[in-house]
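In the form predicted on its own, a lone chain appears below as structure tokens.
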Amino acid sequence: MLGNFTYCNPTRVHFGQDALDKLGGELANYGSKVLLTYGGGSIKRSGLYDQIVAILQDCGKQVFEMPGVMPNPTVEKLYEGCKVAREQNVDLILAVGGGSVCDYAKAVSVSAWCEEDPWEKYYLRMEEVDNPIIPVGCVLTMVGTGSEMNGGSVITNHTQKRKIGHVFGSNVMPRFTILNPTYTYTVPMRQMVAGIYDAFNHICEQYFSGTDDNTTDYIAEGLMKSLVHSSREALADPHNYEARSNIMWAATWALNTLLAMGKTTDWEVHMIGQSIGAYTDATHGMTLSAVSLAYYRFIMPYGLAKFARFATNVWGIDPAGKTEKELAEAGLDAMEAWMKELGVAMNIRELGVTEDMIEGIADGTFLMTGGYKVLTREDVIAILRASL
């Protein structure tokens, strides 16, 4: 049964090919100073940058820019953004890009007015925000993280070899999000499939836990089936609007906090993947794909019934003549075959992990308690070695 919970998601979503038309109305709700943050040059090459700057100017906004947000935003970049946001006393941070840019904007929003080191306060001590927060809005250009509709923010500290996420409360969630599936067309194929697997694993992290019958798991199964179906259509035709729009919307719902309501969740794949990212700076979705199969095969005996259900309800495998274990294994085999279709990383060696990094990665992995088995450090090392 579902446990007790309070659900709130204040993010207003504008979805579709004309979604950017709503930006002007959203901007009217904030003061005159906007910090525009984005990644490399893709939004300039696509013309989106010029469109957004024109809207900002038409709305009478004074624009300060923070370009160059990297795929795994660093603590040094965070400090840089905080300095600009604080010195200019900005009224809104507008993130244009993928999940990393959205994560970064939220990190700056809570950190700019923090009176101590935000890395120490929010990412190491995991404390709540007790200082003024700068509102954030997002224009999404790549799907996968769900950061456009949640309070999560992941920051990397290369010096400490730590990549840590903090899930902030609803007061840090973006106030609005612009979702136009056509903006994702220019994303390279490798980034597209990494985002698809990232979204799929977000659902897995919330699905593979608990033994009760709850509505959330049925929603999760539908989202997973939708992602698998649409991913195949997008692989065949990356400009298939129906496929790309379904992927974008499923990815948003995969991590807008809905699926976590009323049940336990796991998140160990993410903890291992993030620790790998701290060492290799590899694409986030690829760090997840590279360890997923080893992890799920490791914990499968402890949650056998759910893995058997996964095989039947997500992959359509006929249970006739199979033991529960055989059915569960067939489900993971089907997932593996689909991952190979996508072309995601299937082992951590592809990402630059070497044997001498294993123990350090294990040391940097947070051990979660919500899944079917609470891992030990030795378990993490075994999973990493099985992922090589």
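The first residue of the sequence shown is number 1, and the count goes up from there. The structure displayed is predicted, hence computed values, not measured ones.
Although it is not shown, the form predicted together with a small molecule is what the next lines describe.
Taking 123, 183, 307, 197 one by one, only a single residue has any non-hydrogen atom within 4.5 Å of the small molecule in the model of the complex, and it is 183.
The listed set 152, 135, 81, 303 contains one residue whose heavy atoms approach the small molecule in the model of the complex to within 4.5 Å, identified as 152.
Of the heavy atoms in residue 77, none are within 4.5 Å of the small molecule in the model of the complex. Shown alone here, residue 191 lies within 4.5 Å of the small molecule in the model of the complex, counting heavy atoms only. Residue contact with the small molecule in the model of the complex: residue 231 places no heavy atom within 4.5 Å of it.
Contact check for residue 71: a non-hydrogen atom falls within 4.5 Å of the small molecule in the model of the complex.
Partner contacts here mean any heavy atom within 4.5 Å of the small molecule in the model of the complex, and among 269-277, 313-321, 209-217, 291-299 they occur only in 269-277.
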